[in-house]
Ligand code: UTP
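One chain comes next, on its own, written as C-alpha cells: the form predicted alone.
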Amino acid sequence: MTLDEAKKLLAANGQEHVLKFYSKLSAAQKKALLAQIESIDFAAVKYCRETLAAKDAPVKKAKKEAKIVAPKVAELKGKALEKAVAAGEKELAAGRVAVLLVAGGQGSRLGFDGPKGCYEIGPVTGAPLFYFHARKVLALTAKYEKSVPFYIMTSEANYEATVRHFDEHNFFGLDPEDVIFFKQGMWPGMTDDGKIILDAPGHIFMSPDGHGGLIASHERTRCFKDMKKRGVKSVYFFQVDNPLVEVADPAFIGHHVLNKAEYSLKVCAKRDWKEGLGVPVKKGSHFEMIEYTELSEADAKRTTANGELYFKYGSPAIHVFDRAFLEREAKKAMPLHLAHKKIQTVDAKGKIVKASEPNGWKFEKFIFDILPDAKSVTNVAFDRADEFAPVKNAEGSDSPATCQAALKAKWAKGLAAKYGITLSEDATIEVDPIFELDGSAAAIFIGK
C-alpha cells in the first residue's frame, strides 16, 4: 500500500490521525505502518464503531419477552451411553470428525512468556499443554485407523511460536499434513468517539477478535473447504488451557449425531452460584448462553425445591458443531462484545503514555452467540473431575497446582479401575494419552 492509498482509505473512514506522526518514522516503521493499515478490515471497523456508538442507547424490550429457563440436560448412562458411543465411534472410523483447538492466548497470567499451549503442565515430564491435546488426537487416529484433522486457532501474537513449538516436538507424533494452523482476526482498539488508537507513533493497537472469530477465520483461511474435502461432518471444539478434556469423546460425538444437532454443549455442575462459567438457558423456542457477569444475582442464586441451583450447569466451552452450520453462520455478522480496557497510547507530541484507567475499547465475538441460530441443540452433563481442570491463574483455583492434582487423580483412578494398580496418595504420576486408549505400559511415568 502506498502513502496516498493509505491517506484515502483513512480519510474515507474518519481515521486520518493514524498518519499523524508518519513523517517522523523511520523507513522500516513507515513500511510496517502502511502494511498494518492495509491489513485492517475497515468494514469491520465500521461495525465496531456502530456497536460502540449504540452501547448507551436504551434497549427496546419485546412486549412479551420470554423468560429464561434451564434447558434439558442429558446424562448418558446405560443403553443410551452404549448407543451414543457406538454412533460416535462410527463417525470417527469414517473420518467424519475434526478437532478444533482455540489457542490464541499467551501465558502472561501464569508468568509465562509465550503461547499458553507451550506452558509445561506434565507432573513428571514437564510436557506442555499442547502435548496432551495432540497425543489425544494421535490416540484417536491410532485407535480408529483414520486421520482426525487437527485445526489450531492461533493469534497474530503467537502463530509463529506455536508452529515452531510443534515443529520442534515433531508434531507430537501427528502427521503434519493433518495439523492445520490458522490465525484469528485482529481488530483495532478505539476511543470513546470511535477513533483508532495508536499505542506508538507508528503502530496501531490491535487485539484478537475473540473465540467467535474462528468462524470468519475459517472462512478466510479456507479451512471449511478443507474440512468438506476431507469429509468432515462434526467439529469438536475446546480450549487450550484444559488438559483434562476428553478430545472428540465418542459418546459426545455420537449423542450429537443421533440427535441431528447443529450445536451440542458439554456442561458441568457449577462449584457455586458465582463460578465464572457461562450459563446455557432456553428462551422461548431458542437457546442462549448468558455470561456469568450478565446473569442476575437473583437468577444465579435461584434454587429448586430440593435446594439445588436452578441454573445448575455451566459451560466449560466444550462443544460439537455441525460443519454445515458453521459454514452457514460464517455468512452472518456476529454480535460484538465490548471491553473497556487500559490501553497504551500516545499524546499529541507522540510520546507514549501508559494508561492508569480504562481509556479504550476492545471488541470480541463469542462463539456461543451463534447458539440461538441452531435448529437443534443438545446439552450433555459430565463430571468435572473427569474432564475439566483449566489452567487460568498462577495460584489458587484453576491453577497449575489444581490442574496437576486433577490429572493425577484421574490417571490413578483409571489405572486402579483397568489394571488394579494402586498408588500411594503422594505418588507423582503422568500418563501419555496414548496409554489411555491402547494400554501401552511404556506410556506411564512415575516420579519421585
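Since the model is a prediction, treat every value here as computed from it, not as a measurement. All residue numbers are counted from 1 along the displayed sequence.
The same protein has a further form, the form predicted in complex with uridine 5'-triphosphate, not shown here; the description that follows concerns it.
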Although uridine 5'-triphosphate is absent from this view, report whether residue 364 comes within 4.5 Å of it in the predicted complex, heavy atoms only.
yes
Would you check, heavy atoms only and a 4.5 Å threshold, whether residue 135 touches uridine 5'-triphosphate in the predicted complex?
no
I'd like to know whether residue 209 contacts uridine 5'-triphosphate in the predicted complex, with contact meaning heavy atoms within 4.5 angstroms.
yes
4.5 angstroms heavy atom contact with uridine 5'-triphosphate in the predicted complex for residue 116
yes
Among the candidate residues 148, 103, 245, 197, which is the single one with a non-hydrogen atom no more than 4.5 Å from uridine 5'-triphosphate in the predicted complex?
103
Option touching uridine 5'-triphosphate, based on a heavy atom within 4.5 Å in the predicted complex, out of 315, 239, 345, 359
239
Taking a heavy atom within 4.5 Å as contact, would all three of 108, 153 and 184 count as contacting uridine 5'-triphosphate in the predicted complex?
yes
What stretch, of 270-278, 373-381, 69-77, 95-103, brings heavy atoms to within 4.5 Å of uridine 5'-triphosphate in the predicted complex?
95-103
